[in-house]
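Before any questions on binding or motion, here is one chain by itself as structure tokens, the form predicted alone.
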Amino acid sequence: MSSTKSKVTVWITGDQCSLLNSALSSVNQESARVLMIESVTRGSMRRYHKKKLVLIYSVMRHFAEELRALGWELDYYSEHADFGAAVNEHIRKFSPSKILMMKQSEYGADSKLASLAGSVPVEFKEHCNFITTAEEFEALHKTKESRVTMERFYRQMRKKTGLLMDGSEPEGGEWNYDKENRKPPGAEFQWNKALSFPPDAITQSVIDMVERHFAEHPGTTENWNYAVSRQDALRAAADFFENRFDNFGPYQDAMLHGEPFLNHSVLSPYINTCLLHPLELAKEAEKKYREGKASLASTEGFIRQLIGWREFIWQVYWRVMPEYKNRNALNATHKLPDFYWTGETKMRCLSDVINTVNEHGYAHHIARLMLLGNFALIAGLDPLETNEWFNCMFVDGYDWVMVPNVIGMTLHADGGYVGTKPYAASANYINKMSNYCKNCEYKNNTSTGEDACPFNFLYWDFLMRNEEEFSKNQRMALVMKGLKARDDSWRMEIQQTAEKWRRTL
């Protein structure tokens, strides 16, 4: 067999497009060739948002150009029917000695992809975009059945990385400055527009491809503004650190009608496709703080998302899958309303954020948790169906991201494994942290009657449906005490209003 035919194949998938890819970095150009496949069948497995598909395919094509420019030999299958046919063709043409891959981010995907290689051995390398190991995470647990809080895990990560540390103690004397990062959007609130990246020729060709194959998928390909190369992703990061970072922290929970980005970084689509590494961003954030260009609260909040929450969610996912996805501790069974796809609802907050998701495949974390997720929680929407919607509709959404965030943190369907209490709130929270209630058809200060805000009566109905369980939760003691003081006639009116409204869904 010739040396040409005995090269190792490095198979790179759409969310692994980095020179740090552990499979790619483990070989040299002379002994390996790169395989990349655009699978139309894979893109059709779910009703993925069109912009999510454009992002993945365009990132792949741009990374392929980067690899070619660096001298890598590439076997690229664009707009191909499926993975299996392309792999078979690649093996027939090149007879690789083995196939190297970085581990996939979705549970079960490694074995599925490896099975396509037939008799060719497949070797998997660790994922390059995470900075902790399963062994480190497991060492924090007392037993196989125990759980570890994110806060405990986060402190461990701070010590491991040395980020925002003053010797063995946290910078400023506190580990967490979240209490300083909850300001409502008052008159003094300011934000700068995020850098936008109009489609180049490659992205435009991908947009045309997505419209050909996925025309019936939700969302739109119009008004494209995302980066699709590492170079542009770095520009997006630099723009955030220069123009929005210091104002990000205090107002990160704020929401404004028609303003989906505000001071948020919008870097998660690039981190989750490996264009950016979380540690390089965390180090840059700390640098800005050390230079006096950002507050400690903004810096700590940003770093906590990167090395705390993101890493925690990754480890939880791999520790408890596959059964975790099917948990439904609160017995929520209601079908996802059609307005989650269309945005056609009189609730001004949900209409705005769903229209934003349809246009951009994006909403910042509070809009996801306290509007989209909060409604699903208190309305009792089916966890599997809700998770599917989140997975399909967000450009940064992958199975490992969404399952713990939706099943765990958002819907409390895991019985408190991720979060110690459900993130349920009435319209009072929405009115405090946004301007949505001002011009809404519903009244945010009313819980019964035709014009009562659904967030109000659904909130109280949710507490009543789970009163026995939540009464055991110390973190919910105050709100459950308030519920206990309500008389039977009020309770009945709330329950009847909620049930009547749910039937309209």
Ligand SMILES: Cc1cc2nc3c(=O)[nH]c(=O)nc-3n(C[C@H](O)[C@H](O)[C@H](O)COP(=O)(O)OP(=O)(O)OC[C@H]3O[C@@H](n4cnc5c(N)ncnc54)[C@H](O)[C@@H]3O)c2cc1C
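A residue's number is simply how far along the shown sequence it sits, counting from 1. Computed from a predicted model, the values in this text were never measured in an experiment.
There is another form of the same protein, the form predicted in complex with the named molecule; it is not shown, and what comes next is about it.
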query	finding
Sole residue of 234, 313, 256, 336 within 4.5 Å of the named molecule in the predicted complex, by heavy atom	313
Selected contact from 100, 267, 353, 275, since only one has a non-hydrogen atom within 4.5 angstroms of the named molecule in the predicted complex	267
4.5 Å heavy atom contact, residue 413 to the named molecule in the predicted complex	no
The named molecule contact in the predicted complex: residue 117, any heavy atom under 4.5 Å	no
Residue contact check: residue 364 to the named molecule in the predicted complex, 4.5 Å heavy atom	yes
Distance check, residue 129 to the named molecule in the predicted complex, heavy atom within 4.5 Å	no
Heavy atom of each of 221, 224 and 340 within 4.5 Å of the named molecule in the predicted complex	no
Listed range touching the named molecule, judged in the predicted complex by heavy atoms within 4.5 Å, from 120 to 128, 284 to 292, 83 to 91, 302 to 310	302 to 310
Within 403 to 422, the residues that have a heavy atom no more than 4.5 Å from the named molecule in the predicted complex	405, 406, 409, 410
